[in-house]
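The chain that follows stands alone, in the form predicted on its own, written as structure tokens.
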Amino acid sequence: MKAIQNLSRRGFLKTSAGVAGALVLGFRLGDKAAMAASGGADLFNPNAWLEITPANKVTIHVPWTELGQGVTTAVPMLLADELAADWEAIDIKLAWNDPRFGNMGTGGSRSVRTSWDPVRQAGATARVMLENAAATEWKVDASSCKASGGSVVHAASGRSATFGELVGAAATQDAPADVALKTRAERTLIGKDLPRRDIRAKILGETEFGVDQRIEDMVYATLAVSPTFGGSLKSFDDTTALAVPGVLQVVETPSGVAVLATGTWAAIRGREALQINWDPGPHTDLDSAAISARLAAADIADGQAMRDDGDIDTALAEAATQVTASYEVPYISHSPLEPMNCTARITGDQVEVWAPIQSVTWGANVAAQAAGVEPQNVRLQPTYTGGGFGRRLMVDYVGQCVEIAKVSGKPVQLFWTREDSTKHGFYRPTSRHNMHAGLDTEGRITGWRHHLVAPSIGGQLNPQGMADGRDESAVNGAATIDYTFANLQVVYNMTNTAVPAGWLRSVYNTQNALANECFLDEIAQAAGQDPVALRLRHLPADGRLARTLRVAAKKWGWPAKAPAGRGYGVACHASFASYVTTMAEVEVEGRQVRVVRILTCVDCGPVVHPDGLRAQMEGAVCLALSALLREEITIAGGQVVESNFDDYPLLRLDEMPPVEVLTIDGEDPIGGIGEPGYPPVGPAVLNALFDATGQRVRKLPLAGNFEG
């Protein structure tokens, strides 16, 4: 993920007066220039807009995709609180790719944290403008007019006016600068457990996801693509496919062969009937064993030092005790329950797209390229999304759909099957972590070396931009470790393969934290130290991560001895500006591992929506446990082996443990919440597994790598 620019409360507000008689406020979430999806060094944070009409309709357009994380509740809460609006009367909409929003992308746990200051400031500024408008109309002092519940009230005279009645006067004003934000005690919405705004519609089945889109004259399409990485189409025979009832057309596109039909089932059956001859390409000898061997063979001398503090070689050579270990994690799939899909219509040089997507701006640019039109001729409407976890940051399916619409001349909904989504994803990269630490005679860590070998997501997407083999994002959680070691070295060997790599919730933190935190437990064992005490010994005492560790340990009752057949484990990690400690209890019977309970403590600064925070932390635990226990994408013959949930099983309901979430709610700088809960879960469970069995598991998933 790109770095997030720091935000100020100034310089973000633009006012447009007299637009259809409405007050329209736009607020920019960053001061950097816009970064085009095709390149550029800076991340331009999206815009968001508040509209109030004379009919007193208050609309908040949210430029972040609703993936289930609750962004259409949390972000509007920021604005509505400062605006003093009537929360129940607000209309909330997902924003299309309006250029006023800049680069629209949902990832990096930034939706709320980058909205925190500017969105509240926009609400406060709008409130003051409405109060000033009322004061001018009533010829009273502005300080005596107060906004509350969607109206402005002058208590002394008993007069009041709705926001809608004041927008005409308010829209003619200059926006005031540096409006004071509400204090913590004055907030009425922020920090409250409000019901999510999208729950009722979802329960009633009214919410429209990507696959629910229906447009006039639309046909349904499936796409046949090469089963092997780098393969290409040689020839095809569509005779039997066209004979399938409901199949309308078979067309070749730049991505493969598309079957168009009157329904998804007919399109699927038609694709099955196609006779296709593929050129398998250059990677047919690629398999998981070869990839693993390549990771293991990487020479640290060929890597790039991403952090090099002190003198690591001397520290290790002079250490009283040395500890080494290597950890390996596999490729894994995102597997959101709504498979990839997209709907597109081309009318002349105008393109309309409806998609469950995280990268709205990039998707619109790819659609423009596929259609052969200018980007301003594309309108992309993000829909509600049945999960993403980073998969929908990639926009391959959008380009494919627009290609089909262009070649066929029809409005098209492209639908991927579960097999398509599993076999043709962008996978969380595999990686190997060679760890080496030195301790002095008092058991203090004097040297820490982390040799990371992994594919680079950025290096695969933009090989020329990372030709030097450096990728700062690949060492997130490794080079940015919170522990203080006088001598610390992180070396990265970029080891790309033909397997497409993509961002997955918490990205490289999911791997680097596992190596860090499991290795710390191995060090504690070697030094005869308590794992919590060892961590606190090497964390800044007044730091936020240490605070979560102390709170979690107190709540857990650490140190404590687990009952026979059970074990306790701990791990902590900072990512996306938040700090998390996780404690786990596991039970082992033979080779069966059951996670009994999870406790997680998070410090993300101000908590905007407590219920949403708890749901995000619970969801992160679920995703992390699923990957830990059995998820693995394997490669054979240059293609993905797994195809559906029968051979790529996810965590089952009866395997999900109770999760207790503790929060440290304060006014420290705000952090993200969607991703930080994931990284410490896996190592906490593995450390608990060692406590229960004395067995270290250094390769994932547990299935197949735990002897019991």
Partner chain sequence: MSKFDLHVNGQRHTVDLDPETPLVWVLRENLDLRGTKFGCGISECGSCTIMMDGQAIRSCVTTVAEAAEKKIVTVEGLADGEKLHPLQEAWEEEQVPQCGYCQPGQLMTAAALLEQKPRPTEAEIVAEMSDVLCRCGTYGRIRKAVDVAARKGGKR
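Numbering follows the first chain given and starts at 1. Just so we're clear, the structure is a prediction, and the values are computed from it rather than from any experiment.
One more form of this protein should be noted, the form predicted together with the partner chain, which is absent from this view; the next part is about it.
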Item to complete: Please state whether every one of the three residues 283, 423 and 465 places a non-hydrogen atom within 4.5 angstroms of the partner chain in the predicted complex.
Response: no
In the predicted complex, the residue from 615, 501, 95, 545 with a non-hydrogen atom within 4.5 Å of the partner chain is 615
Students should find that, of 326, 249, 385, 226, the residue having a non-hydrogen atom no more than 4.5 angstroms from the partner chain in the predicted complex is 385
query: Is there a heavy atom of residue 220 no more than 4.5 Å from a heavy atom of the partner chain in the predicted complex?
result: yes
Does residue 334 make contact with the partner chain in the predicted complex, using a 4.5 Å heavy atom cut-off?
-> yes
Taking 4.5 angstroms as the cut-off for heavy atoms, does residue 418 touch the partner chain in the predicted complex? yes
Is residue 656 close to the partner chain in the predicted complex, meaning a heavy atom pair under 4.5 Å apart or at it?
yes
Within 4.5 Å of the partner chain in the predicted complex, heavy atom basis, the matching stretch of 403-411, 112-120, 615-623, 293-301 is 615-623
Contacts from 195-211 to the partner chain in the predicted complex (any heavy atom within 4.5 Å), listed N to C, are 195, 196, 198, 199, 200, 202, 203, 204, 205, 207, 208, 209, 211
